[in-house]
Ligand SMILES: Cc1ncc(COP(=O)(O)O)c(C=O)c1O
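In the block that follows, a single chain appears as structure tokens, in the form predicted on its own.
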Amino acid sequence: MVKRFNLNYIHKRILSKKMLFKVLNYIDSNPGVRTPLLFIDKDRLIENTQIIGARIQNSQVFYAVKANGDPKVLSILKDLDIGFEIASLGELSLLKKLGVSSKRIITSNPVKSIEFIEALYSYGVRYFVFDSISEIEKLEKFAPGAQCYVRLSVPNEGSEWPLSKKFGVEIEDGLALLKRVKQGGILVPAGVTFHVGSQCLNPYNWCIAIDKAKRLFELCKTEGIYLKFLNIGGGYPISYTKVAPKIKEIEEKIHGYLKEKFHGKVKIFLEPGRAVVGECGIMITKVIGVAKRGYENWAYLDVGVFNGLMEAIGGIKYSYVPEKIGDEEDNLLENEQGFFEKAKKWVLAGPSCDSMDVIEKNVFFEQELRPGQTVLIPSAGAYTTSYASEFNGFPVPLVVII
């Protein structure tokens, strides 16, 4: 079955053969299955969850539901020893339906609606983030006694999806906000959080952020504020078109720096999303049309930026594994030079009639693409279906657990 697809040197480095066999077995067992589909490998999902945080002392993992909030995925994670980080009434509703305890839920969205705060508090959630006076005032009124933590702004260089502009404050402002919480006497100033950016390929970002957080912890002590935990957010990268740093390597570096700065005396929260579910997913799509436009070769898939690949317009580059057509020989290219000598450049677009629906402009394939051809997209488990809409009437990929 694997021989039906052209696995080049990139695919062989990032794609699990075991997972690929599972997907192809499903396709062969379900002829005529409708695409696009997103397959999630249950075994890989469980394995990833057990790895994350394992090398960081005093750590607790809270899965970022925004990465993939499909009830089937959440149901698997519910049975594991992790918590959940949420940002909306919709995500809270998903967890409530699954019977997830309030003690396993935190919210790290710095700006929350009053309705969301009230719903969280009523359900028993007691961990809330803030980065403004306005948010403190809302929490004092609608979540008295809550354990509150301030979000610091930290460098996001080296991250493919930066998150440093919309939220976060500098150290001096963070101290002032925590002092305000203490003086109010209604909330508990409990911790600090930051986010180094999603798909962070620079492990030193965590060191810089941890150092910044440590300085705020020390300043708080001088004001009689003794913080209990540090939330280091998410950001662990996964492999798309190249092999990303391993979680083990990143966590060994983070653990060493945390031990140096905090000596194992504070609780560490982690909020992985992409690293939990990203590499567990393979998107199955089909070519619905091809065209020659000037000097460019265009191929149109039944999944595009609106109904599954929204991150493509923000800088995330996927890899694509096309089904072989005709009597093409097996492609066993092992190096980049051989690949580009043989490859032909394509523009990949989605199915909608919106000109913004262009997935990527410089994709190389070693074969022609034709209507009806199946294309696999590895590492598609995170921020695909969760971002997707039915714009123009095109369906969001169905999630299948394998």
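From a predicted model like this one, the values you see are computed outputs, not experimental measurements. Don't overthink the numbering: it's just position in the shown sequence, from 1.
Omitted from view is the form predicted together with the ligand, to which the following refers.
**Student:** Is the ligand in the model of the complex near all of H11, Y318 and P397, within 4.5 Å of a heavy atom of each?
**Tutor:** No: none of H11, Y318 and P397 comes within 4.5 Å of the ligand in the model of the complex.
**Student:** Which of these residues, G174, G273, G304, P189, gets a heavy atom within 4.5 Å of the ligand in the model of the complex?
**Tutor:** Contact with the ligand in the model of the complex is made by G273 alone.
**Student:** With a cut-off of 4.5 Å between heavy atoms, is G281 one of the residues that contacts the ligand in the model of the complex?
**Tutor:** So G281 does not count as contacting the ligand.
**Student:** Report whether the minimum heavy atom distance between A64 and the ligand in the model of the complex is within 4.5 Å.
**Tutor:** Although the ligand is absent here, A64 would touch it in the model of the complex, with heavy atoms inside 4.5 Å.
**Student:** Please run the contact check for Y127 against the ligand in the model of the complex: heavy atoms, 4.5 angstroms, yes or no?
**Tutor:** Judged by the heavy-atom cut-off of 4.5 Å, Y127 is well away from the ligand in the model of the complex.
**Student:** Even though the ligand is not shown here, does Y236 get within 4.5 Å of it in the model of the complex, heavy atoms only?
**Tutor:** Yes - in the model of the complex, heavy atoms of Y236 and the ligand come within 4.5 Å of each other.
**Student:** Which of these stretches, 138 to 146, 284 to 292, 197 to 205, 76 to 84, has heavy atoms within 4.5 Å of the ligand in the model of the complex?
**Tutor:** Checking each option against the 4.5 Å cut-off leaves 197 to 205.
**Student:** Do any residues of 368 to 402 have a non-hydrogen atom within 4.5 angstroms of the ligand in the model of the complex? If so, which ones, in sequence order?
**Tutor:** Residue within 4.5 Å: Y383 only.
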